[in-house]
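Below sits a lone chain in structure tokens, taken as the form predicted alone.
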């Protein structure tokens, strides 16, 4: 597949670097202010050669741009799959939503790492897909390398009653350290920021927004996948989620929980009816008590019982592996 990668952060750069290992070719890359597009001349095999991945990544690191072109050049390039890896935005979910719909209007496929369009405008995306020969995939929007979406799809959403889990590595790192060292939230947050685990503004993670967006996406998969007519599905957005973060979890709560063989984790849960994210008491040695930046997804099924999938829920190469896995599912 020929890929146009929109977004040159950690995920976009990793897609550019790893695409060749998966048998794909990157023909265009754009960041917010620049682009590089492969020369239109055909190579010896009659195909247009892709961009040089090493040169793109090096230029981004050294000069802060990926090329001398305009981002519009990448959107207009001759590609098979658009990879949408720009930062997540809420509300109208632009520019990511517009990038994806432009690809669909050209009957091209789109693979998203950007959670915004899938969490905030899922119905609009479904309508755009219905009018296109292209498809969308979005495994990378939920749990990084963990195949949560594809597992639900393989089981069939109508046979899944709930999906829950630990879906934010930053919040989990903080809660793990608070429990292990008997430290309070502010102390561990500062440590996480020094280590690069938490952003300078950690609100998206510690307030539960990131986990809630992932659960909203899963709720949409469950809701739309369980009906024959999309008009019968309930569409979820972040406004439909009941969300509580970890800022107000005192160290004393974790210490008391430990005395009872339990600990606290930020647990998100999605069904076809509800989305909830909040700190919950879980068994200290239980499945949901993953440590550090690990994530875990539990899938409750009607016939196969409970399935547990754990792994790295974030990171450039990890999330890029989910993106490229989605590309491989397209035809």
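Just so you know, these numbers come straight off a predicted model, no measurement behind them. Numbering follows the first chain given and starts at 1.
Just so it is clear, the following notes concern the form predicted together with another copy of the chain, a form of the same protein that is not shown.
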item: Partner contact for residue 72 in the model of the complex: another copy of the chain, 4.5 angstroms, heavy atom; value: no
item: Partner contact for residue 306 in the model of the complex: another copy of the chain, 4.5 angstroms, heavy atom; value: yes
item: Distance check, residue 136 to another copy of the chain in the model of the complex, heavy atom within 4.5 Å; value: no
item: Another copy of the chain contact in the model of the complex: residue 154, any heavy atom under 4.5 Å; value: yes
item: Contact segment among 155-163, 90-98, 216-224, 242-250, judged by heavy atoms lying within 4.5 Å of another copy of the chain in the model of the complex; value: 155-163
item: In the model of the complex, the residue from 209, 237, 150, 176 that sits within 4.5 Å of another copy of the chain by heavy atoms; value: 150
item: Another copy of the chain in the model of the complex: contacted by all of 182, 199 and 263, heavy atom 4.5 Å; value: no
item: Stretch 10-35 - residues with a heavy atom within 4.5 Å of another copy of the chain in the model of the complex; value: 18, 21, 22
